[in-house]
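This document opens with one chain alone, in structure tokens, the form predicted alone.
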């Protein structure tokens, strides 16, 4: 009888659980509802509204006139927008080529030669990332500004007239690289700390085994550390790309996109059309372009990464 009673209990338990399921689902839904509402109001609705405004001609205060794809057609005939598009692609490319290898080199060196100075150096490298963009831009201008800038003053002190006469922010050929140098100093600290945290998660047994086999430091970095950092580096590459597409603060505060269009970005172009020229439709179209490009590059980088993982 006891065996039959147990079987009966076991048979009735799933039925009881099924009766509780609707209430449990309602409870879970109510818990998730605030997050859904928050995303709907502050993320999905603005995205939908941006797509809608990109098909309108409006100043934000005037009546909206539907123009279809006219704003997009005008954008791709706008020299300022095309210059901004070229610059953000160039910025993304050089960020991945320069900032990520530099950050990996620093992170690996600090981890490999870990000592009492490692923690203070971590704080020093991360400090620029904590500073507000306005202060970072001011420090950048202090270094590269003509007449009173640190580099120009150093050139005068050393008697190097060629260095003292260079206008880093006023020369179209140098302005982009000057702003990029400041951005590299400001943003690489985050990459260094992130990579260090991932390198420290690699089992120490692998390093000991590599050293026993006579592997050099660079062999250990190339054969063991880099493969382990495949996914983190992919994430940082996406952050570099998306961050480049949204770039606004440093170029705007250091050069205002100048001289000419030498340092203009999509963010600066969006700001000018939306808040200076009061052309909300065209500004929204630029926002859509930034959103679509960010989405495409994110999907592309993840899909390429999956293919590499499958081949491995």
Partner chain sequence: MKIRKINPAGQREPPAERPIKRRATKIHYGMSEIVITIVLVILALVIIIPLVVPLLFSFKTQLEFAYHPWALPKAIRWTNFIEAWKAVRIDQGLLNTLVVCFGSIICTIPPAILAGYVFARYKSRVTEILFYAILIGYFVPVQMVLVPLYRMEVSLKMNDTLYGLFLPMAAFGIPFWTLIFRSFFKSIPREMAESASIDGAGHWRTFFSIMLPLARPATVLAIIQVFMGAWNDYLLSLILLSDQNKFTMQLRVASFLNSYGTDRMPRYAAAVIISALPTLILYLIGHRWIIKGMLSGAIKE
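Quick caveat, the model's predicted, so the values are computed rather than measured. For the two forms, the rigid core is made up of the largest set of C-alpha atoms that agree within 1.5 Å on superposition. Positions refer to the first chain, counted from 1.
Although it is not shown, the form predicted in complex with its partner chain is what the next lines describe.
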statement: Note: exactly one of 83, 106, 224, 237 sits with a heavy atom within 4.5 Å of its partner chain in the predicted complex, namely 106
- prompt: Which listed residue (93, 160, 76, 142) meets the criterion of a heavy atom within 4.5 Å of its partner chain in the predicted complex?
  reply: 142
query: Would residue 253 count as touching its partner chain in the predicted complex under a 4.5 Å heavy atom rule?
result: yes
message: Test of understanding: in the predicted complex, would residue 197 fall inside 4.5 Å of its partner chain by heavy atoms?
response: yes
task: Decide whether residue 65 counts as a contact residue for its partner chain in the predicted complex under a heavy atom distance cut-off of 4.5 Å.
output: no
message: Just checking whether residue 203 would be counted as a contact of its partner chain in the predicted complex - the rule being heavy atoms within 4.5 angstroms.
response: no
Flag for residue 260, CA shift 2 Å or larger between this form and the one not shown after aligning core: no
message: Does residue 35 move appreciably between this form and the one not shown, meaning a CA displacement of 2 Å or more on the superposed rigid core?
response: yes
message: If the two forms are fitted on the core, does residue 275 show a Cα displacement reaching 2 angstroms between this form and the one not shown?
response: no
